[in-house]
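Before any questions on how it binds or moves, here is one chain, the form predicted alone, in structure tokens.
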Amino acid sequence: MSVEITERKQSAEGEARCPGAPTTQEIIAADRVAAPGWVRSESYQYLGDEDISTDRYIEPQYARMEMERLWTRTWQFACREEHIPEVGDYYVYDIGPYSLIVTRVAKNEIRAYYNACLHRGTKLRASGTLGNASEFKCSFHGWSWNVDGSNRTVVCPWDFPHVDRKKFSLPQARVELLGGFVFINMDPDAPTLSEYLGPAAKAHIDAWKLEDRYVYLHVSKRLPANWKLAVEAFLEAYHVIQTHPQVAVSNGDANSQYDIYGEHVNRFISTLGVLSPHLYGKHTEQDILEQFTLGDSGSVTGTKRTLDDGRTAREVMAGMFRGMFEKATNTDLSKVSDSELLDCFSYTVFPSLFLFPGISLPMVYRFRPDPKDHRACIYEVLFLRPVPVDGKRPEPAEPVHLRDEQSFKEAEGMDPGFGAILDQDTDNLFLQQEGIEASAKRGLTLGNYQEIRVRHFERSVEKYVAMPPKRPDWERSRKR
């Protein structure tokens, strides 16, 4: 199986691609099992080449504007539906100073209440908690609300003749569901989630059937960098050759594909089972196969394979992965494309959600600013597995909270090789945060293609920060 490299003109700004290397689409087109339409598409747009100001990463005032103008207007992943499967189940989602109780009020209805007593403001449920409740009762004075948000109890009602309990329901944020994810938005005037994503990205997400997966590992760690720097560390494969040299032998990093969809979604496709263009002429197809199967420290698949009959490492790896995942999940993957089995697909839903829908890397990332330090953030990694064929959905994994100094490899259930990759990614962030603050150059210079997702992301940040401040409207949200 060979890959033909098409001659490409590179005359206009943003059109340059890795010279002498096949494109992602050329690699995928040579696969034995063809990829679906959402894989076989491209959507790049040149967005300019000006520097990105570094003030946004270091100025406390910029962080305050983000919290007032960006986080109060955007759709955010709060929890998975399996976190709240029964009526009365709730999950507390926090973003900065805001806190929401996300709860199932009926079989097919989920609401998100602002997590504050309407008497004197005490949180009704502690941050980071989940459980089941028949009421949300304030621990301070005992006022309470039913699961449907209506007021249940005003202690000593004779002293509150000015409170109309029928109008004293808990204020709500907006809620929408997609692919098993529960999204919230505090802006009553925001577009619907479908409009926010756009038709192309929405169609891609629908095709993945992520509602048929469950959380089997959830790891959280505080990172010593502004949340935007942490997001941007995962928006490109440009860093692979320097940061992750151990995987470059089997990673098409420099010829990865980058796409943008509207204002709020972007992606890359990074092919695996192929040699990095940085290493052309230095390794054979057999080297690629051995690195991918045995790795540097022992075993990925546990089996050493030898190429025969002119097959490529990528073709052999696709067959191996298909057999491994079929056995592990008791499912038929014969019609699943080689690309879906092997490649890294990374979709970002602005501002902070990463979706990896591939079979080999079924992950979700979420980033949130540290409410006490604009130079730090909270990073979460959730791994999703298919629901077993018997239809019994396992309980979602409880979060593993790592200390600042801990390695991702220490998280129980984490693959050590992947934990090492996450350590490499996040170890750069402390140096980057401090370097930006020390630099005489007050801007970041980006590549036109490989770092287009960074520019696209920062364009959206700028759009929201430029808006007038908007805090949640109690009267409007209460009436939802």
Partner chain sequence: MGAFEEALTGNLPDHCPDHRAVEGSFARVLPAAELPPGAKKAVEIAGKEVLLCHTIDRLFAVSNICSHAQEKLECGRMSKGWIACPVHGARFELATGRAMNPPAKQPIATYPLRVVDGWIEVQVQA
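Residue numbers count along the first chain shown, from 1. None of these values were measured; they are calculated from a predicted model.
Keep in mind that the form predicted together with its partner chain is not shown, yet the notes after this line are about it.
> Consider the chain as shown here, without its partner, and state which of 97, 391, 199, 131 has a heavy atom within 4.5 Å of its partner chain in the predicted bound form.
The residue in contact is 131.
> Using a 4.5 Å heavy atom cut-off, which residue among 164, 135, 109, 159 comes into contact with its partner chain in the predicted bound form?
Of 164, 135, 109, 159, the residue with a heavy atom within 4.5 Å of its partner chain in the predicted bound form is 135.
> Is residue 89 close to its partner chain in the predicted bound form, meaning a heavy atom pair under 4.5 Å apart or at it?
Yes, contact at 4.5 Å.
> Hey, in the predicted bound form, is residue 139 touching its partner chain, heavy atoms inside 4.5 Å?
Yes, contact at 4.5 Å.
> I'd like to know whether residue 180 contacts its partner chain in the predicted bound form, with contact meaning heavy atoms within 4.5 angstroms.
Close contact is absent here: in the predicted bound form, residue 180 is far from its partner chain, nothing within 4.5 Å, heavy atoms only.
> Taking its partner chain as it sits in the predicted bound form, is residue 124 in contact with it (heavy atom to heavy atom, 4.5 Å or less)?
Residue-level check for residue 124: yes, a contact with its partner chain.
> Look at the stretches 378-386, 148-156, 392-400, 206-214 and give the one with heavy atoms within 4.5 Å of its partner chain in the predicted bound form.
Going through the listed ranges, the match is 392-400.
> Can you tell me which bits of 83-113 touch its partner chain in the predicted bound form, meaning any heavy atom within 4.5 Å?
Stretch hits, in order: 83, 84, 85, 89, 90.
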